[in-house]
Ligand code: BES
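Given next, in structure tokens, is a single chain: the form predicted on its own.
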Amino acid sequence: MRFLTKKIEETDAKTFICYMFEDDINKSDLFNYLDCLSQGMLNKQIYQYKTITGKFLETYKYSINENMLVVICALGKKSELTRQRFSQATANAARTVKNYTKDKTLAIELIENTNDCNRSSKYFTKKDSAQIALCALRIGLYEFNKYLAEKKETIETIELLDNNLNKEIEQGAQIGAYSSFAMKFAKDLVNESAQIVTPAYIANLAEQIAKEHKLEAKVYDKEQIKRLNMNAFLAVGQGSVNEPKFIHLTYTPKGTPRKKIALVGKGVTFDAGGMNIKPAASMLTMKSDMSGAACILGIIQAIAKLESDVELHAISALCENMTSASAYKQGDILTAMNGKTIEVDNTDAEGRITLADALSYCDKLNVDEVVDIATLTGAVIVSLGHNITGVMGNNQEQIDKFMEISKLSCENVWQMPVLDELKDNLKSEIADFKNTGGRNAGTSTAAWFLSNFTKSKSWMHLDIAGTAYLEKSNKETLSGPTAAMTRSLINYILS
């Protein structure tokens, strides 16, 4: 998909998204342009015939002629507009476009909302609008049709229209373009079947990414993982015929890095639960248990394209958690890379075991911050549902900054505690920890477990178990993979 910025009179598009508010009769430059083409009929439809009221998430499609389609996207009351509502409305309008046009080019106008205080979620410039809109359009237009015999025509070019283009708008469009690419990459990888997306498949993909973007790549096979003493991670994958892989990609900027960040993505390519096998219905979406790995591989490509001044490491311990004669069992004692021991209380709490070694590996990298992103606990869904990601960590300044940026990135997060009192939940008589601690405070307990495998003073944990894959659509995203936290992490790294 191509992304262009143009003045309105330069557009080649035949399909348009044009915004309106519920309580504002002022018309945009694009509306006036389209109304002129319709010989005033567009204005009559909206303001005389009242075919659309402007209430939030309303859309109205109007054909100016046989070749030109206008989708009016209602944003609700101007005083209530936020970045997230703008994103939701834009994604919703894009789905309307997808259903009613065969044109390969879509044009959309840039708007701003600068009456509120700066850095508020209600405040955004046209630069912000360009970034938000391109991500929202990708969300609304997204389809995974690889295995469908009949494929719909798809939009190939997005034109961002404004009569006062400047370098800031171009910069916002560039960030939005690469962020939206990272999201599509992650969604496509999660949508692929687990029979294709094995640890070896992702490892080969990581090497291709490294070659394309001039990244340093380290891919460890089973024997090399053994030599690294990642015995906890190895145990999780020992029940599968698909051998584990460990990947480490590094983006190094030109000049001295402003900061060094390690992103760790959970990479369980299929989670059957091990010997504590999941019910059949619970396994239907377990190809998505590598959403964290998909996310970080998309992010490092975007950061490389944007030529960030931050050194970035993308790390994932890749394996399948299967049940077989060779699978690890309840009661096994595992020794992690950092020498700490884990009593296996439940083989379906495998993600934290793989992350234990991945986080320990980061201790050798001399980075300033470590962030892990994982579909880790069902408990986070009980606590926060499917539209809010749980964030935890050991550095409040880091967490506060990320939470602010997530809000500005149109994603919801909520901080949950990591308290020393939680260690009693994981007490073992024969090892340093058990890997599970019962139903109570499950998300925070899992985070406390992870905290024992990193020496970083700026470590943050994102639990995306509820947000990475939707079984029911929300206002912005249809059911399926969401690429949760991709936008937020890219903006966090760039900040």
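These numbers were taken from a predicted model, which means no experiment stands behind them. Numbers follow the displayed sequence, beginning with 1.
Just so it is clear, the following notes concern the form predicted in complex with the ligand, a form of the same protein that is not shown.
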Examine residue 179 and determine whether its closest non-hydrogen atom to the ligand in the predicted complex is within 4.5 angstroms. no
Give a yes or no for residue 377: in the predicted complex, does one of its heavy atoms lie within 4.5 Å of a heavy atom belonging to the ligand? yes
Would you check, heavy atoms only and a 4.5 Å threshold, whether residue 352 touches the ligand in the predicted complex? yes
Any chance residue 465 has a heavy atom within 4.5 Å of the ligand in the predicted complex? yes
TL;DR on 75-83, 379-387, 405-413, 190-198: the one with heavy atoms within 4.5 Å of the ligand in the predicted complex is 379-387
If you check in the predicted complex, do 278, 286 and 289 all have a non-hydrogen atom within 4.5 Å of the ligand? yes
Just to confirm, with a 4.5 Å cut-off on non-hydrogen atoms, which of 357, 128, 109, 271 contacts the ligand in the predicted complex? 271
Selected contact from 452, 458, 436, 38, since only one has a non-hydrogen atom within 4.5 angstroms of the ligand in the predicted complex: 436
Does any residue in 390-409 get within 4.5 Å of the ligand in the predicted complex, counting heavy atoms only, and if so which ones? none
